[in-house]
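Single chain ahead, by itself, as structure tokens, in the form predicted alone.
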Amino acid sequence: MYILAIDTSADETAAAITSGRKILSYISYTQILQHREWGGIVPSIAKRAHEERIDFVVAEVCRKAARYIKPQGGELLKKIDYIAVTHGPGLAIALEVGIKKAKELAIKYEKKLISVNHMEGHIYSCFVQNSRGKPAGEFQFPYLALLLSGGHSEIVLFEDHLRYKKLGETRDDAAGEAIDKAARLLGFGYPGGPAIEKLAKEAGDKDDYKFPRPMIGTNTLEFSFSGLKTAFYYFFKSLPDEEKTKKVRELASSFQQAVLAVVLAKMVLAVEQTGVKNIVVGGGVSANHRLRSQLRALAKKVNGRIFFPPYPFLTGDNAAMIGVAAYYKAQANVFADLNLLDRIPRLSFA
């Protein structure tokens, strides 16, 4: 089964051709440099960049897949079984570009269309394989899925293929968003996660400032990072300019420690409440090495297994994870109604 997957959910114009869990070809055009000067994604710029690149990205991913799939009459897309596309959540006017292209190709080549929830894709990102089927390993349900990105912080019970139960989510800001805002306040550009992690490491992952840990003592799996972000803002503004400069590493480290402490506490609580010991972690924040170390220790303590996206590009928005999630939807005969795809969903999981 060959699937062409498209993702334009934010600032990456991405396409992949997958077979089962394997990536046969992949290409992504990033817009980070175009948004960096604004400190975040500008919707109109994102849409225009997607429109300018989508045809090239699709053509190039097909060209690269020709080493695995012999084109039919010179057109590789004739050999594709299904077209898959991210259908939300995400930036609506960016999503529309990918959806429009996927519908156009599905109609032209008479293929069924598969819509994939973006967060669903992040769950499956932990199980993506390269063209040689590595890393190997079978699914061992159930899993606790921790999804942390610029727009989402969620804990989901992954019961079986296509079966999810949301256990908790952020009430306001997401972890990634809070980290980006802290980085911007400290004078670093977008995206802020890598800068904060680097500074924290240079500071020895200290926690000198002891910023608040919102909702850490509650018996709920929900998150809240708005208060932490606000506390950090006012504390930073109150500092003398000299300390802002000299203590930038310690400030970044303390902020990261606060965010990760909340995440770890919620995952400990999730394991206790559900009894599920196997964990998958997806989304941009899953690239954080300090977070990975802490979660590995948790999994070891409870005799569970933990899975992260196996390749760095899979932590961010990408089309490969969409193709793999679509594979299981195709097996279950879950296809999209072309007429309904014009409505962009707001919720993470329906």
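Start at 1 and count along the sequence shown; that's the residue number. Small disclaimer: the values here were computed from a predicted structure and weren't measured.
The discussion below concerns the form predicted in complex with a small molecule, not included here.
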| property | result |
| --- | --- |
| Among 134-142, 215-223, 105-113, 173-181, the region lying within 4.5 Å of the small molecule in the model of the complex by heavy atom distance | 173-181 |
| M119: touches the small molecule in the model of the complex, heavy atom cutoff 4.5 angstroms | yes |
| Any non-hydrogen atom of G316 within 4.5 angstroms of the small molecule in the model of the complex | yes |
| Non-hydrogen atom contact E250 with the small molecule in the model of the complex at 4.5 angstroms | no |
| Any non-hydrogen atom of A336 within 4.5 angstroms of the small molecule in the model of the complex | no |
| Among the candidates V281, V324, V285, A65, the residue which, in the model of the complex, approaches the small molecule to within 4.5 Å (heavy atoms) | V285 |
| Single option in G168, G227, P194, P71 placed near the small molecule in the model of the complex, where near means a heavy atom within 4.5 Å | P194 |
